[in-house]
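First structure 1, then structure 2: two forms of the same chain, each alone, as structure tokens.
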Structure 1
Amino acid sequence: MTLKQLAKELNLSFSTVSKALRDSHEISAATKSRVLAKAKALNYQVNPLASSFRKQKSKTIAVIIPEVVNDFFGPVISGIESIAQQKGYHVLIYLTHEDVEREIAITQVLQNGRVDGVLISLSEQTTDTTHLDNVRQKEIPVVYFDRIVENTDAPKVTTDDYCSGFNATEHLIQHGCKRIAFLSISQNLSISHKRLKGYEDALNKNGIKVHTNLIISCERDDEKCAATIRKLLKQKNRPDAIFAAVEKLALKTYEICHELKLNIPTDVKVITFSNSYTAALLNPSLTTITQPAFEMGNEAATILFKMIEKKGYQSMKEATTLASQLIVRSSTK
């Protein structure tokens, strides 16, 4: 059933039926009631795509993320969709797989008007965001979340990575640790260097020397990553704690400790950033810094829709920081 067919059934003009369905003040209440009743009886559905073309809106937003294999981005997407659904928008998900060239290619596709706005968490390879500046020059609003670039005037939504890094390290120190290794996946990422800075400042505050050989950037390749952690834990003067900036490095640490017959937490204590429900089920249960992932997605989407809907919001530069929570479990006790 199309709008044209509905108009024919009612013996009314196409324009009259269209205005009645949009609750126009030009149409009488009696005609509106008649049109709505017939539309319901004939199961007429409004075509949102056709409507959006007329308004020069795609009614779609893009979410660009590095991966979906961890438990962080799932809740973020749920938070984004909760706002998008309220606004009658569709959400397109794009994965960069931590590849900056793929990220650039995605943004080039999005510049043709396919979406009304973009939410992005950067790949671990991204150091230059010219490709995202180009999107903004096309008057498509962009909001960064979690993994951001500092030197941009676009809105950003992050968690308190520095404070979380500081608190996690101080928690280990309070439990007797003095040789704490910091493991990350990339020093390029904003989340990595903020967490690292918190780690370093906590050591300095407590009079513990920062050893550069305990600050390790791990490979993405599983075997190389395992080899790096194995070498670290086989040292004669091995670390007494591992602070993993991302969850997969903590899980790999568990695996290598089991292989080397090292006891967690007696031989090595472990703490990580993680939103995984399985952290509490590990043996021993894993101490985590849990981020408000759903709330981050919700806040980022709220800002994006302000920019889409209201003139003047295109120049928004606000930075929003959400608090994470340290959940102490057996791996650090």
Structure 2
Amino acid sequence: MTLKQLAKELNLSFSTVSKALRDSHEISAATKSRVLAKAKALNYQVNPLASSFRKQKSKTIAVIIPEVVNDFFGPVISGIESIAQQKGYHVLIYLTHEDVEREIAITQVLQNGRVDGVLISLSEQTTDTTHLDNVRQKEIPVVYFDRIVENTDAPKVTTDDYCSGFNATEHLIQHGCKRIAFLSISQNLSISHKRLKGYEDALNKNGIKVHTNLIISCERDDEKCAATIRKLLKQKNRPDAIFAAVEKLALKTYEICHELKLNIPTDVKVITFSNSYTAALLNPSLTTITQPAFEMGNEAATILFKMIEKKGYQSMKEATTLASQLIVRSSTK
């Protein structure tokens, strides 16, 4: 399949198709997406010469994350940017807003030589990563961080989600909790999976039955999420502890406990993954598992630049695990 054949199939001029593939501003968005769709369907490969031209470094990397209104991704960006500045690289930021279609659209745009490498933390909807495999096939290295897929040989940087889930649960058990609810946002996410597995294994090890009705996936919608937690805490046999896989759910639990006049930690203990510097000042102060977010960004960027600078980047398949820290405060005492 040549560019000429592709143009013929599309009934467009050679020049239009060529410009569309190079993401030229002269071509409408509608035409571009038509061209991209057809190119994909016919498995059209950019010709090797054009591709070698592309290998002139753009000196730019892309960071694709779900959101930035969040105490975690802020320091991650800072960690990435500090390495990029050292290397004289520019950093493009893309937010998926947890939308896999948007994530796919972003990765398509990045295949035209705009970037030399990609750092990504997946959206909660993403289960298949063909779109990122396509980026890698164009010899643009990809490093996954935090929210990853297991079934790829691309490098991955995560924190010890399983161990953290296990330790947080044992901490609650040691403080007398027997009915521990596990709240997460999406069962798709690698981080939710591993944190949940740690939770289940800690219960089993301590002879506590795993109740599936205490494992709850909360809705994104704020009101629905509040309703779910309210229902959980209003039931007769309510949990004596909440283990929140993300901070947002712990803060929502604080609000609902306040509303229902439940005392934290006497009635309900609360523990969460969180990077918020205000956790210590909450009422009561919140026990957290804190991820090394800045270091994660730093590490992921360091690996990416090794891949960009070396030719043999495809041989890098390492999985790096950074340790999180359990910080015990009043909410579990």
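Take the two forms, find the largest set of C-alpha atoms that superpose within 1.5 Å, and that set is the rigid core. FYI, numbering is relative to structure 1, first residue = 1. The structure presented is a predicted model; accordingly, all values stated were derived computationally and were not measured.
Of the two copies shown, the first one, structure 1, is the form predicted on its own. For Leu21, a C-alpha deviation of 2 angstroms or more is recorded between the two structures after rigid-core alignment. With both forms fitted on their core, the C-alpha atom of Leu10 sits 52.9 Å from where it sits in the other form; this compares the forms between the two structures.
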